[in-house]
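As a starting point, one isolated chain is supplied in C-alpha cells, in the form predicted alone.
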C-alpha cells in the first residue's frame, strides 16, 4: 500500500555507537546532497540542515545542490506569468529563466541562512559553466542549459577550507548568460566531477516506487532496463532522479539514495544504518560477497546469535567462529555485514563440500541475498574441486530444496568426519545435496 504521507523514523540516528561504525568509512569523502525545492519549503527543512551540520562535524565533506520547482511555480502564480518549463528539462523561454533566477536566489538565500544558523561556513558559487541545450528535434530550447564544465579546483579549495558550496540550478555560459539547469542532472555531474561517494536526493516521496511498490534497493542495471522498457512503472515525479541516478553510477558514482526529506532524521538514518529509510540505487561493486577476516568474527557471531537461539543454526562460540574464520564469507551493504555463509571442504572426502551458517539479517530477507550466498559458496566449492555440496538444516530445508536446487539425501552421503559430528549432535537435521556440474 502506498503511504499517504511521510514515513515515521524508526531508527535512532543518535545511537552514537551505530554512527561510529560508519565514521571511519565516510571521513573526508564527498557527499552530494540534492534538495528538492519542495523540501526547502517544508517545515522539516531546518532539521535537514542540522543533519548536514552533523555530517560536517564527522568530517564528511558536503556539496549542496538545490532545486526550485516549487518556488518557480509559486512565483509564476503570484505574478501571473505563464512559464514554459518547471524543472529545466524542456523549453525555457526568457520569462521563465528570469523567474528561475529570482526563485534560485531566494532559495539559495534560505539555504545560506539556515546553514549559517547551524554554524557552518558556506558559499554560493559560480563554479558551473553551462552551455545551451540548443535545438533538439527541431525545437529551440532557448535558455535551457546543460553542464559544460565544473570548476573542481575551485570547489575543492572551498571544501578543503571547511566551506559548504551551495550550487544553484542556474549556470552561466562563456558570455555570462544565465541558463536554467535541471538540478538532478547537476547533482550527477557534480558527483562525477568531484569523485563523490554518494548522491542523496531529498524528495517529497518515501523513495523510488516501481509499479506502486516501494523498492529499498535496486541495482542500476535493473533500473536502467526498466527506464528503457517500462518507464511508466516509475512515478513521473521521480523519473528524472531515476535517470540521473543511472547516469551517475555509469560514470563511477558508487551509490545514489532517494529519501523523504520531510521525515525527521531521514538523512542520518539513511547514511548511518544498513537498512536505510529510502531507496538505494547501487552499482556492481556496491553489494558484494567477500571472504571474512578475523575482525569480522564478532560481527558474524552477533549476527547469527538469535538464529542459534531459535535453533535455526548450530551453536558456535565466538572462539569457534574465530578459529574457523577462513571458512566464512560475508555479504556487505555499504561495507556493513548483513549476511554470511560458511564453506567447509573435508579432507577425508575432498569431492564433497558443505554449505552452512547461511544467515541474512531479517530486514534484508526475501530479497535473494541468501540464495546469492549459497550460489557463491557452490561456485567456490567447484573451484576447489568439489563435485557435490551438502547442507544440513532443521528449519530451512525448503529454502535449500526450492530456490537453491538441493535434494534430500541419506546420511550415508556425509564424509566420515561429518557423519560422526552429525550423530553426536542429535539435531536430526535433514541432509541435502546438490551435484555440481562443469
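Take the two forms, superpose them, and find the largest set of C-alpha atoms that agree within 1.5 Å; that set is the rigid core. Residue numbers count along the first chain shown, from 1. Keep in mind the model is a prediction, meaning the values are calculated, not measured.
Not pictured, yet referred to below: the form predicted in complex with a small molecule.
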* Please name which of the stretches 400-408, 55-63, 38-46, 380-388 has residues with heavy atoms lying within 4.5 Å of the small molecule in the predicted bound form. => 400-408
* What is the one choice in 143, 272, 359, 331 with a heavy atom within 4.5 Å of the small molecule in the predicted bound form? -> 359
* Asked: Though the small molecule is not shown, can you say which of 366, 348, 160, 228 has a heavy atom within 4.5 Å of it in the predicted bound form?
  -> 366
* is_contact(residue 371, the small molecule) in the predicted bound form, heavy atom dist at most 4.5 Å -> yes
* Could you tell me if residue 312 has a non-hydrogen atom within 4.5 Å of the small molecule in the predicted bound form? -> yes
* To do: Give a yes/no on whether residue 307 approaches the small molecule to within 4.5 Å in the predicted bound form, heavy atoms considered.
  => yes
* To do: Tell me, please, whether between the shown form and the other one the C-alpha of residue 340 is shifted by 2 Å or more, with the rigid core used for superposition.
  => yes
* Answer yes if the Cα of residue 264 shifts by 2 angstroms or more between the shown form and the other one on a rigid-core superposition, and no otherwise. => no
* Asked: Rigid core fitted, then: does residue 231 show a CA shift of 2 angstroms or greater between the shown form and the other one?
  -> no
* Structure fact -> Taking the shown form as reference, the Cα pair residue 210 and residue 404 shifts by 3 Å or more in the predicted bound form and sits farther
